[in-house]
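Read the single chain below, which is given as structure tokens and is the form predicted alone.
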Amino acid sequence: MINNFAKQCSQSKLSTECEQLIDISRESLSVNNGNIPKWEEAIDEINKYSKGGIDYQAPYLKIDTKNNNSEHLQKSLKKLIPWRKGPYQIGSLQLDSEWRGDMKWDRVLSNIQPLKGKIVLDVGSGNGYFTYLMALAGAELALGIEPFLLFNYQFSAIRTLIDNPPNAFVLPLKLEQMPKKPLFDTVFSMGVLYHQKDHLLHLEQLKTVLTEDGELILETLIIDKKQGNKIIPKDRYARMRNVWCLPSTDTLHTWLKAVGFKKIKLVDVTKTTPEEQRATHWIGDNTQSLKDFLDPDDDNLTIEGLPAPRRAIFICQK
């Protein structure tokens, strides 16, 4: 995975930063994690299956493989559960992840500048579902950064099955570990902001890595302005522990302006539904998903009595 990135990175405008990114990634992968042998075993197994071309055929990122035993392949891929982002289809095997990522991508793609020929950063990329879509949309290089190691191994598993993979990569990095330089033409931060204790710092870091007039796509949880300027959950939100702040769209606009972004546009607000976030057998033994996180008597509220998840997409420029 890292070697593949090194070759492509050296041929891009990230070339001066390749060594630093690779060194940090190798260090992140060298941690003592008892799950790594199981994950590496899964990758070794998956590497034995036939490969195919990749294409986006909504809702699936589809890999056109032939002659694979789908039952055995499923068993190998399930060593890497939970699969949160997707969905994927490998030959006849449908990997139906918890999230229908195609629904978010459809909302995003129609509102952004073309990605063709651009260097793109996908912050909090998970297993790289959107990173692949960015590359397939024409990006010269799409780099996903994801500190959670399991999702890096999921990315490797999918890449292992692709013949002639696109220029999409995922590295085990945090945004604060990225060079503080304007390297990326387009930056995506989707489903990340509400996990940050310091929301303004996150926005400043996103701005720092953008080129002049580069475009930020920010997708995050929000509340309706009639519910106030912001909500700070006392404990959990929709059973998530690490949700620090839910702003109104007006408040989020103010934050973006305060950091120095310009041409700020709110392009979409969508309530999350069980069609988009659902329990499947690909998320493991804990099969709870959105419907279990909502008030059973009122789907406009979470189980904690807070406003149910709504997500906004803002587009702005440096």
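Nothing here was measured: the structure is a model prediction, and the numbers come from that model. All residue numbers are counted from 1 along the displayed sequence.
From this point on, the text means the form predicted in complex with a small molecule, which you will not see here.
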Exercise for review: Answer for Gly191 alone: is it within 4.5 Å of the small molecule in the predicted bound form, judged on heavy atom distances?
Suggested key: yes
Check your understanding: Taking heavy atoms and a 4.5 Å cut-off, does Lys174 contact the small molecule in the predicted bound form?
Key -> yes
Exercise for review: Using a 4.5 Å heavy atom cut-off, state whether His195 contacts the small molecule in the predicted bound form.
Suggested key: yes
Exercise for review: Considering only heavy atoms, tell me if Pro147 and the small molecule come within 4.5 Å of each other in the predicted bound form.
Suggested key: yes
Revision key, fill the gap. TL;DR on 154 to 162, 209 to 217, 179 to 187, 139 to 147: the one with heavy atoms within 4.5 Å of the small molecule in the predicted bound form is 139 to 147
Review point. Would the small molecule in the predicted bound form be within 4.5 angstroms of a non-hydrogen atom of every residue among Tyr49, Gly52 and Lys62?
Key: no
Check your understanding: Of Trp83, Tyr88, Phe169, Phe130, which one comes within 4.5 Å of the small molecule in the predicted bound form, counting heavy atoms only?
Key -> Phe130
